[in-house]
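The form predicted alone is given below as one chain in structure tokens.
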């Protein structure tokens, strides 16, 4: 890994260089919530002044750009008695993410394990993911995030360059040749001892600002032992089965495929749409049988997939602790509270 520092005004120059021939996605303010707080989202950005580098968190994760809610996988047409099939990976040019936080970078790394490096990779995801350039940036810890407990508060890989604000200048970690070549176009310098000391102070200060924590010690074993716990029924009674948690989650990837035929029978399409394991029809099969008709079962299996099944398969949790699900849940269900209650159910027996 290579390190550099540069003055803050150089970041605008870097942005303009990146934006000259590329599509840039960055955090922007899209409005205010009912309490007057800014609401952020990832969107196309062409002007550096529109980028909100000190954003808290976006309501929707970055995954919508490479794992969209709805996507045509293939289309079919019959013209002049000739059957034609068209497949498009829906990628027209490379994509640059500017200012991605560590939790969202780690979310991509986790999705890669399933959708890119598994036995059956998803070509539509791979095409978008492999045409990405990521500029990461340190976050400001929020009251609802618990990414430090999940080991997602820092990113060790999955980015091209990662920027840390030292106050008067920026400290940048470089992981790719492309990033190194881009940085040749701005004024940078080798970090000195003072930069290293200041960097460590900034990191220590940020670490102390995390206030939400989750005890993940032996969590997979505890989940196995408490599979039949009454706590799941209590949370299931609160759950509205709306699927909001999956919609805002940066690592949920379950989907369904619909096949539709045009009314003139001359065209058809196969469409992938993201699904949620909390929706009532998620486990419904042909004939109308539903393997998970109860809300508590659907909620429980979502937690088991995140904190049990994925751990067994990849030796890490699928959850990055961003806290989006708890912040967006209409029933105020949060991951830390659910996990704490599962641990408590064992003690209270």
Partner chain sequence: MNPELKFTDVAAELYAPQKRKDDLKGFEYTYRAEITSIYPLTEMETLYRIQVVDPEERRRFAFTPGQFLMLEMPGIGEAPFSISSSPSIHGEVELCIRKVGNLTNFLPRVKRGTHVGIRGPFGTGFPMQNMHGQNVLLIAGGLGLVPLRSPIAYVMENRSHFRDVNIIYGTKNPSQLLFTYQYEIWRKDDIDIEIIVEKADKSWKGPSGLITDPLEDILSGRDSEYYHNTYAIVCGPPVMFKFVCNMLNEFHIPMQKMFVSLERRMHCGMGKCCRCNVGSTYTCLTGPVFDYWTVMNLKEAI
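If you superpose the two forms and keep the largest set of C-alpha atoms that fall within 1.5 Å, you have the rigid core. Remember, it's a predicted structure, so these values are computed and weren't measured experimentally. Positions refer to the first chain, counted from 1.
FYI, the form predicted in complex with its partner chain isn't displayed, but the following is about it.
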Just to confirm, with a 4.5 Å cut-off on non-hydrogen atoms, which of 166, 140, 126, 203 contacts its partner chain in the predicted complex? 126
Which listed residue (211, 131, 154, 207) meets the criterion of a heavy atom within 4.5 Å of its partner chain in the predicted complex? 131
Any chance residue 217 has a heavy atom within 4.5 Å of its partner chain in the predicted complex? no
Just to confirm, residue 281 within 4.5 Å of its partner chain in the predicted complex by heavy atoms? yes
Does residue 148 make contact with its partner chain in the predicted complex, using a 4.5 Å heavy atom cut-off? no
Evaluate residue 110 for contact with its partner chain in the predicted complex, applying a 4.5 angstroms cut-off between non-hydrogen atoms, and reply yes or no. no
Would you point out which of 173-181, 140-148, 188-196, 101-109 contains residues with a non-hydrogen atom within 4.5 Å of its partner chain in the predicted complex? 173-181
So which bits of 291-309 sit within 4.5 Å of its partner chain in the predicted complex, heavy atoms only? 291, 292, 301, 304, 305, 308, 309
Using a rigid core superposition, assess whether residue 112 undergoes a CA shift of 2 Å or more between the shown form and the other one. no
Residue 265 C-alpha shift between the shown form and the other one of 2 Å or more, rigid core reference: yes
